[in-house]
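Taking the form predicted on its own, here's one chain by itself in structure tokens.
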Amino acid sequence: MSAEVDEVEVLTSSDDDYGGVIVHINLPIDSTTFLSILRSSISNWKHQGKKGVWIKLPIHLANLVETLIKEGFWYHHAEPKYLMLVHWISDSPNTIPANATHRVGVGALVVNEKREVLAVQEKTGHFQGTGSWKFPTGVADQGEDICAAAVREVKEETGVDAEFVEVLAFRQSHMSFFDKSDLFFVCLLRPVSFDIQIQEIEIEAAKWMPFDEYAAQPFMEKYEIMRYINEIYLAKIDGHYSGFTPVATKSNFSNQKNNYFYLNAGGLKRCNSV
């Protein structure tokens, strides 16, 4: 007489690069069944010496959140179509990295050969209704390079096509959008078209404005960063300042696209800007 041994069901997972596992769940499952499988899985992972457990939970399976929280998981981050929950199951110190702390903003100083700045008045934001003229600004999309974001924002807000020259400077600030920190890159661009067609949803007006007139606006005295940007640009055109040029580099990871390395390339002949 032979005894039958039931095979314990566990969650399908893949190893990460740091001794943990990543779980993707797609098929609907009731919370009671899920709890049983989850506990068996955690026991199995502990036996294998795994450390962290990442569970990517699609929005349509949000009914499993309470079960995961009660079993020791916590929120790591959320995206439009999924929640990421994590749990440290090892006895060693927790080394799970925190969620991303920064967002990336760009400001585009577009100056033509007449030394005119492409300036906009905004319908929303801090400067709405003030009559102030500023350069186009925005936030980089996920997976978007700084240089591409600056070109896109100019095109979207003003209809002007431009090519990226360099990062003039950047600022780090804290406790900004939903308590996140903010990296703001001031970029110099060169226009390749000049006709303006404003984005009417966000932009009240746009025009080419002589740099001296632009820099002399009263609000510039109130914002130290704006004065610095103006001084940097003047030093740039006088040949006394050089920013950071994007240089295309190949990634060391096969699953990632090529990226840009921003550097002062003035003395490096082998580096070509985009």
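The numbering used is simple: start at 1 and walk along the sequence shown. For clarity, every value in this text was computed on a predicted model and none was experimentally measured.
Another form, the form predicted together with another copy of the chain, is not on view; read the next lines as being about it.
J.: Taking another copy of the chain as it sits in the predicted bound form, is Thr12 near enough to touch it, meaning that at least one heavy atom pair lies within 4.5 angstroms?
T.: Thr12: no, not in contact with another copy of the chain in the predicted bound form.
J.: Do Arg115 and another copy of the chain share at least one heavy atom pair within 4.5 Å in the predicted bound form?
T.: Close contact is absent here: in the predicted bound form, Arg115 is far from another copy of the chain, nothing within 4.5 Å, heavy atoms only.
J.: Just checking whether Arg190 would be counted as a contact of another copy of the chain in the predicted bound form - the rule being heavy atoms within 4.5 angstroms.
T.: No, Arg190 sits far enough from another copy of the chain in the predicted bound form that none of its heavy atoms falls within 4.5 Å.
J.: Is there any non-hydrogen atom of Val167 lying within 4.5 Å of another copy of the chain in the predicted bound form?
T.: Result yes; Val167 sits at the interface with another copy of the chain in the predicted bound form.
J.: Sort through 170-178, 190-198, 115-123, 154-162 and report the only stretch with a non-hydrogen atom within 4.5 Å of another copy of the chain in the predicted bound form.
T.: Only one stretch passes the 4.5 Å heavy-atom test: 170-178.
J.: Consider the chain as shown here, without its partner, and state which of Asn26, Ser242, Asn44, Thr33 has a heavy atom within 4.5 Å of another copy of the chain in the predicted bound form.
T.: In short, Ser242.
J.: Which one, Ala205, Ala248, Ile37, Ile237, lies within 4.5 Å of another copy of the chain in the predicted bound form by heavy atoms?
T.: Flagged contact: Ala248.
J.: Along 184-205, which positions have a non-hydrogen atom within 4.5 Å of another copy of the chain in the predicted bound form?
T.: Sequence-ordered list: Phe185, Val186.
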